[in-house]
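Shown below, as C-alpha cells, is a lone chain in the form predicted alone; questions about how it binds or moves come after it.
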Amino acid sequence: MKRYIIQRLLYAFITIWFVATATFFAMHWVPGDPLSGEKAVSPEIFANLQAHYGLDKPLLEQYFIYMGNLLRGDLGVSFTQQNRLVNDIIGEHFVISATMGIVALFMAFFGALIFATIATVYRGRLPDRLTMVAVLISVSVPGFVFAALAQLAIVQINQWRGEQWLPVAGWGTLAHVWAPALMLGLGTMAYLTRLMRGSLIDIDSQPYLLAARARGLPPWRCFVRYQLRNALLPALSVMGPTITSITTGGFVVEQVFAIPGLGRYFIQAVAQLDYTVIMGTTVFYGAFLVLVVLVFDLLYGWADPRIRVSRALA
C-alpha cells in the first residue's frame, strides 16, 4: 500500500508541474499584451509588474521566477485589477463555486441513485424507458440550454404564484443555489444514472446475489446489502473527475445566473488577457483536479484491493 501511495503522489506532482509549465508558455505564446494597447495599465503598475515578474528578462528566466513564486504559494498580482492578489481572487470566489458545486454533486448523486434504482426495478418497462430517454437528453443537450430554460421556467412560476418563489439570478441566499446547482449537476446525474443502472443490472445475476435470495433474505436487504453496495464501486471510481468537473465546470452556469464565482472571473480574465489570473486559476484548478482524483484513487484502491494490486504491478 505504501508503494502504491508514493507512486500516486509522484504522478500527481509531475502532473501539476506539467500543467504549470504548459500554462506559462501558452500564455507567452498567445498574441496580445495586457500591459499595452487599449487596456494599458498605469506606469506605476507597469513598473511594479516589470520588477516582480522580470518581464524585461529572457523567457527562461521569467519561467524560473514564476516557478519560484509558485512554490512559495504566490500566484501573483492581477494585471488588470489594481493591487489585487490572484490568491485573494481565488480565495474569495472559489468558495462560491465550490458551494454551488457541492450542492450540485449531492443532487446528482442522490438523483442518480433514485433513478437508477427505479430503472433497475422496472427494467424493460415504461419507467426504465422514460429514465433512459431523460438520460439521453441530459447528456446530449448543452448545459447553457438547460440553464436558460430554467430561468424562463422560474420567471413563469414566479408570475403564476404572484411572488418571487425562486430568484432568477444573483447570489446571497439559499434560494439562489437550488436552480443553478440543479442545472450544473444535471449532466453528471444522467451519467451516474446510466453507470449505476448498468452495474445494478450486471450484479442482479451474480452468484452471490442469487445465493442470498435462495437463503430467503428479504428483497430489500439483498438489494441494499449486496446489489447496491457493489454497484457503487464503479461510481466511486469516477467520483474524482466528477467532483472536479462539477465544482470547477460551472463557468457557463455562473454567467447565465450572474453568480460571482471563480469561473466568471476566469472568463473575464481571458477576455482581458490578465495573464496572472489565467495562469493562477488554471494551475489552481489543475492542482485541485489532481488532488481530488488522487484522494478518490486511494479510496478506491482501499475499497477494492484488486485495483491497488493491478495498478502497482502495471
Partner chain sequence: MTDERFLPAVYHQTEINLGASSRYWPTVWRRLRHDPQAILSLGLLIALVAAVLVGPWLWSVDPSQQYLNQISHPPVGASEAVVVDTFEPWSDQVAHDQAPNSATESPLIVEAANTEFVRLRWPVLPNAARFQIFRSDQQTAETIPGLPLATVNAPVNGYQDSLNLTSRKYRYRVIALDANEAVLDRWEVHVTPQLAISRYAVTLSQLPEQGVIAIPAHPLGTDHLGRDMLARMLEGGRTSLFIGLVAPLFYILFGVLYGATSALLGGRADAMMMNVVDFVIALPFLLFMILFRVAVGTEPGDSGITAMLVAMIALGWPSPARLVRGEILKLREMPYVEAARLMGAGRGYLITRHLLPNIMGSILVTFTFAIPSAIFAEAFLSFIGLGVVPPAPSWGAMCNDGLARLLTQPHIMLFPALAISLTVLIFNLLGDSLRDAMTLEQKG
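Positions refer to the first chain, counted from 1. Keep in mind the model is a prediction, meaning the values are calculated, not measured.
What comes next is about the form predicted in complex with the partner chain, which is not displayed.
K.L.:
Hey, in the model of the complex, is Ala148 touching the partner chain, heavy atoms inside 4.5 Å?
P.N.:
Taking the distances in the model of the complex, the answer for Ala148 is yes, it comes within 4.5 Å of the partner chain.
K.L.:
Is Tyr66 one of the residues lying within 4.5 Å of the partner chain in the model of the complex, judged by heavy atom distances?
P.N.:
Taking the distances in the model of the complex, the answer for Tyr66 is no, it never comes within 4.5 Å of the partner chain.
K.L.:
Find out whether any non-hydrogen atom of Gly124 is located within 4.5 angstroms of the partner chain in the model of the complex, and reply yes or no.
P.N.:
No, Gly124 is distant from the partner.
K.L.:
Given that the partner chain is not shown alongside this chain, does Val19 nevertheless sit within 4.5 Å of it in the model of the complex, heavy atom to heavy atom?
P.N.:
Yes.
K.L.:
At 4.5 angstroms, heavy atoms only, are Ile14, Trp29 and Leu152 all close to the partner chain in the model of the complex?
P.N.:
Yes, all three are in contact.
K.L.:
Which of the residues spanning 133-163 lie within 4.5 Å of the partner chain in the model of the complex, based on heavy atoms?
P.N.:
Going through 133-163 in order - heavy atoms within 4.5 Å of the partner chain in the model of the complex - the hits are Leu136, Val139, Ser140, Val141, Pro142, Phe144, Val145, Ala148, Leu149, Leu152, Gln156.
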